[in-house]
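Below sits a lone chain in structure tokens, taken as the form predicted alone.
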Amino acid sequence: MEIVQALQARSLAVDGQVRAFCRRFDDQALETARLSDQARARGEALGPLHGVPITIKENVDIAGTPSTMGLRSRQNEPAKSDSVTVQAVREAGAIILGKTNVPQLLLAQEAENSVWGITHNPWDLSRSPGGSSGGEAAALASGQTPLGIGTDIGGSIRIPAHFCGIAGLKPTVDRWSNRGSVGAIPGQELVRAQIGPMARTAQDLALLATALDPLAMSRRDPAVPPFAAPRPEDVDLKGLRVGVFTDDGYLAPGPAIARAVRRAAEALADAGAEIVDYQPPGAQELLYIWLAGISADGGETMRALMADEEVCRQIKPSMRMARLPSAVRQLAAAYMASRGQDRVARLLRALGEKPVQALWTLTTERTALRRAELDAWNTQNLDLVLCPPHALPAMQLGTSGDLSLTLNYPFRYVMLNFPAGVLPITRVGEDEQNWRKPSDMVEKRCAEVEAGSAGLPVGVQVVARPWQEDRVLAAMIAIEARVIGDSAYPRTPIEPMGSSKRL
């Protein structure tokens, strides 16, 4: 009970600034903790998470509370039952502290909506904690919870982990059950969201990842394969081949992010892995296929959900583009291309309503890219890949609406359905924040985000073949053990800071 009380006191002290929580279960958590302590005193073990506090992302169902996705219209629609993953969390003995904030419709690299307000990055309160699991990451980084459950459809676990200096894992789709996870575009399955664990460290991440049993989940969800997940402690990193890239050829990351990838490669080499250069295929196609597929209904599903809602600033650009007639959008694309804005031109061409045949073509192209990635790994006999988690550090609040083309690195492995984790490595140096010489509108916006970013946390992305989450976690643990002593390592929990932070 003392741990829960301490975390509640911590929230009282810092969450007025961070605003990570959108719903608290203070009384229930204290009662669960009291019963947990009594069971322990009797010598009873309630599960691998006996007495461990945890928070849950707002869109994951908890019986009796609504999963609103930041929509006022859903505030009076309480979930009838716990999601399968929340059931597993309870059965493992964990204590649920509350639910954490998300962006409206879960479709932004921030955590802001008209129901719960704005969540701030505790490293710099003027910056985003990421999205859509931004509330989870902010709660973890600010010391309000030790473990969290998020979801990821385009980087929604991994982006907040990178922005906030914590660890997160996007498993292979259906490794954990997604039953009871609410999404903005139900039925869209070109690319699917996946529930996954979040924590402050890779060690804690592995604890949560292995505490919930997929075999047990499979009895409640037919999509989950009825097999227990392999454990990271059984992985021998010696001799594994690790491909490394710092630039996918579409949009270069900042120098601090490239430096983090190289430092992680050094750490795995020290652990006995073989490091080789790797250049991934399809970098120019993946991002646009994702965006084309997610907008294939012309935004009609989003418009229906938002009919009586105040549209938050982060999704206004996509809502405006979705409403443009196809002919207007194509003319705008041609104009942007004539001005040398090829990235934006291609975005305009990708968005918008499509006939079923076009959606099938996109699905075929996605599948071909998945196979091309696996073929490339086989050609080089790769077991793991290290790469950037994002092109940027945490962006300023309110700016993510026109930065969707910076998502090439996290989008890649949700599209390809390879398990991917992110862990903290370093922080942006004073000499690493004004490096970019913009060649187009996208890079100009990137340069604006990177200005003033010194001191922000930087992570690395660790990727394995499908269903090999144990290798991702083992590599993350090995990297963490070797970088945690570095002077620039982003240590959490952190006291919430204003924008005047320094290294």
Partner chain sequence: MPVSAQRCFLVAILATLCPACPAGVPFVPPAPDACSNSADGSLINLEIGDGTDASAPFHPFVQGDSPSFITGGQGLRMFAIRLRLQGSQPPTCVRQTTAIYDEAGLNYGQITTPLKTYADAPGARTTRPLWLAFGIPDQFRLHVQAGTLQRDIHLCQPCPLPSQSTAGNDTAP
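No experiment lies behind these values; they were computed from the predicted model shown. Residue numbers count along the first chain shown, from 1.
The same protein also exists as the form predicted in complex with the partner chain; that form is not shown, yet it is the one meant from here on.
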Would you classify Thr246 as touching the partner chain in the predicted bound form, given a 4.5 Å non-hydrogen atom cut-off?
no
Examine Ala13 and determine whether its closest non-hydrogen atom to the partner chain in the predicted bound form is within 4.5 angstroms.
yes
Taking 4.5 angstroms as the cut-off for heavy atoms, does Glu233 touch the partner chain in the predicted bound form?
yes
Heavy atoms within 4.5 Å of the partner chain in the predicted bound form: does Glu495 have any?
yes
Selected contact from Thr363, Thr210, Thr301, Thr399, since only one has a non-hydrogen atom within 4.5 angstroms of the partner chain in the predicted bound form
Thr210
Let me test this: is every residue among Gly254, Glu430 and Arg445 within 4.5 Å of the partner chain in the predicted bound form, going by heavy atom positions?
no
Listed range touching the partner chain, judged in the predicted bound form by heavy atoms within 4.5 Å, from 453 to 461, 34 to 42, 431 to 439, 59 to 67:
34 to 42
Within 3 to 18, the residues that have a heavy atom no more than 4.5 Å from the partner chain in the predicted bound form
Ile3, Val4, Gln5, Ala6, Ala9, Arg10, Leu12, Ala13
